[in-house]
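Two forms, one protein chain; structure tokens for each follow separately as structure 1 and structure 2.
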Structure 1
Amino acid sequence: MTVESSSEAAVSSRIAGILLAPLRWAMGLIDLPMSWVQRRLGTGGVVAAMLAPNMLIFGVFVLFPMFLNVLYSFTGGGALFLESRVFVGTEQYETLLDCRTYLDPASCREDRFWRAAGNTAFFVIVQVVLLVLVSLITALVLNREMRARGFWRAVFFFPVLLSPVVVALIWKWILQRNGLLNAALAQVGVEPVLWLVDRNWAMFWAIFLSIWAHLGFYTLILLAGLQAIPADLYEAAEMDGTPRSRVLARITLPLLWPSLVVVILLALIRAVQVFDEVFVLTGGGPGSATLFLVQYIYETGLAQQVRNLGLASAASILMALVLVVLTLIQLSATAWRERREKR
């Protein structure tokens, strides 16, 4: 190394030291309280101290409201504050569950709750199955070599970046009587269709809108799972002349199963909690055709002139229990599958 190069290196090192001096000073200030905590509480104490702010926020904004919600479900009356409400025990739950037959909402004391529950069950079954299937097909296509693959991935993910309200307003503009879709149909001589007034079409478009808005998110999860599968397996299958259908059934789907479990769980939870985009699109109508559980809870507890916070809280507790049961069933099925594969 020449004298000139060594002097340049020394100058560069000195400049770097000057530029990094404020950062080192700041890190030293941060290290002082952390060193004190570590000496006093040990390594575990440092971890607890780092987690404490997050746990405090979680407790204040998640656990405490959940606890309040449970308390409200055992009270009645129109008062807002808990101290002014009347304890009624399980009366709110009895009101919701009072039915001659649960398959006929008209026979129930709180028929709107059961209509919302029936609509939600239908929506969850159809939407989740179609969403997972379409997401899987889309991920398989986007995982292949093609021109402008990055562009197409961005196109499918773009709706996820939009607000659900914006998405619903766009499709409401397209589907209204004088909207874009009816204008296109008029060009080929088809009479305008009241897409959002007909009960069957309203549910169809609610499901379609939800799939269109969230497809990119679940496709991204499955695409990451596909890219984690070793390419050697596909090369070996290709050398053996294995048909693509067999490769899909014996290699891709089994190795993609953990990602599929995540997609199914997230899709189930989101589908049960569907509200914003459908509320903006149809308002729960026509009638109660697209009334779902979260909208029922919102209207019962907040939107009606005579608010029933206790009944809304009880409905939300029942919905949460359904979500817990669905999650446990899915996790149990996954654990059983893993045990079976290990045998």
Structure 2
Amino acid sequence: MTVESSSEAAVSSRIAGILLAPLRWAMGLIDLPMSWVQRRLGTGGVVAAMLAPNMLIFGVFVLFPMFLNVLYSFTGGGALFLESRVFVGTEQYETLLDCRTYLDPASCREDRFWRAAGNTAFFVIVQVVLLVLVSLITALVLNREMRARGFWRAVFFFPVLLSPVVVALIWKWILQRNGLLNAALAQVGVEPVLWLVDRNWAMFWAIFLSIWAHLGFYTLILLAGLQAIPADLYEAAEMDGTPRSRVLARITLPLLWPSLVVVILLALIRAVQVFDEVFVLTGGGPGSATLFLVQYIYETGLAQQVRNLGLASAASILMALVLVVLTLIQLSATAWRERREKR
């Protein structure tokens, strides 16, 4: 350590000390009651006091609502608070599930729910497949020996940090009638397209947008998985003269498989909850072409003139069931990966 850097460190630590002085003072102040608790109730009392704030907030704003959600789904009426709501048994679920034929949303009593569910299912399947594929290819490309890998990784990663509203606005601006895309098409003689007014194009862009925004995240996880594969395996394969396609099929993909499973499941869980970007981009339209489950719950329960909290709760319980199943699979997959990595 040189003299300069150590004096520099001393200066920066002094600055940090000054900045942290109020914090220090506050923490020292808390020490008084905490020491008192420790003397009176022992270490256990302190532990309880440290756990309490988090668990209190957690209980009020996460656990209690989860429990409440179930109760709401068995009640009806327009009242906001549970005590003035009417118990209706499974009526809300019956309403949601009441269809003459499940293949046609129009035949259902709550057709918007079924359209949202159908759209979500379609979105989930197409988006996850494409997202994982694109992320995988990007990760494989970034894993090659290359200059400025950090730069290229940043190129694909940075949209992850953007807010969904920003992402949607960036693309909405490009996709509008006299936007950049239509201008580019006009150069090659194609008529302008109303991208977000056409049902199919709207869904296409909803999927495109969510891939654009999230692919960097999954690329990063896959890249970490790829870089954990020992280089000597590739060297051994090269010594054996193994064709590259075989290296991919027999070394890279099998060893990457655990990371890939985690990525697929995380992408599934996120895709089921799709809302923000698409809501800002299309508002669920045209019609209900890009209406997804979360938006259905939000609108049914909170954003319409007549709030139907019971129906929205029932819908969110059904969605939660899907998520719980996916998450359980994910957790066991993570545990499986960790076990495998230990070996």
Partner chain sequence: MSIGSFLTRRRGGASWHFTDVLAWIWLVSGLILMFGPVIWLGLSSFKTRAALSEFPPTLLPYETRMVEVEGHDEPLPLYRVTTEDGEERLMVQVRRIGTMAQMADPEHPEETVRVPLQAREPVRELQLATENYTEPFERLNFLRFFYNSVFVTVVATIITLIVNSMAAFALSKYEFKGRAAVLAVILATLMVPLSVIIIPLFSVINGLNLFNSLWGVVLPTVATPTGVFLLRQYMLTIPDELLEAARMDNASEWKIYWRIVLPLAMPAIAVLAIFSVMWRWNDFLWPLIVLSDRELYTIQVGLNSFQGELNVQWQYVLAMTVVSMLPVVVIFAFLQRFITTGIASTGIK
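Whichever C-alpha set is largest while still superposing within 1.5 Å between the two forms counts as the rigid core. Throughout, residue numbering runs from 1 along the sequence of structure 1. Only a predicted model underlies this, so the values are computations on that prediction, with no experimental measurement involved.
Visitor: Looking at both, which one would you say is the form predicted together with its partner chain?
Guide: Answer is structure 2, the other one does not fit.
Visitor: Determine whether the C-alpha of Val280 shifts by 2 Å or more between the two structures once the rigid core is superposed.
Guide: Shift at Val280: below 2 Å after core fit.
Visitor: My question is whether Phe67 is one of the residues whose C-alpha shifts by 2 Å or more between the two structures, given a fit on the rigid core.
Guide: False for Phe67: its C-alpha shift is below 2 Å.
Visitor: Take the rigid core as the frame of reference and indicate whether the C-alpha of Leu226 shifts by 2 Å or more between the two structures.
Guide: No.
Visitor: Fit the two forms on their core, then tell me the C-alpha shift of Ala49 between the two structures in angstrom.
Guide: The shift comes out to 7.6 Å.
Visitor: Arg24: how far does its C-alpha move between the two structures, core aligned, in angstrom?
Guide: The shift comes out to 12.8 Å.
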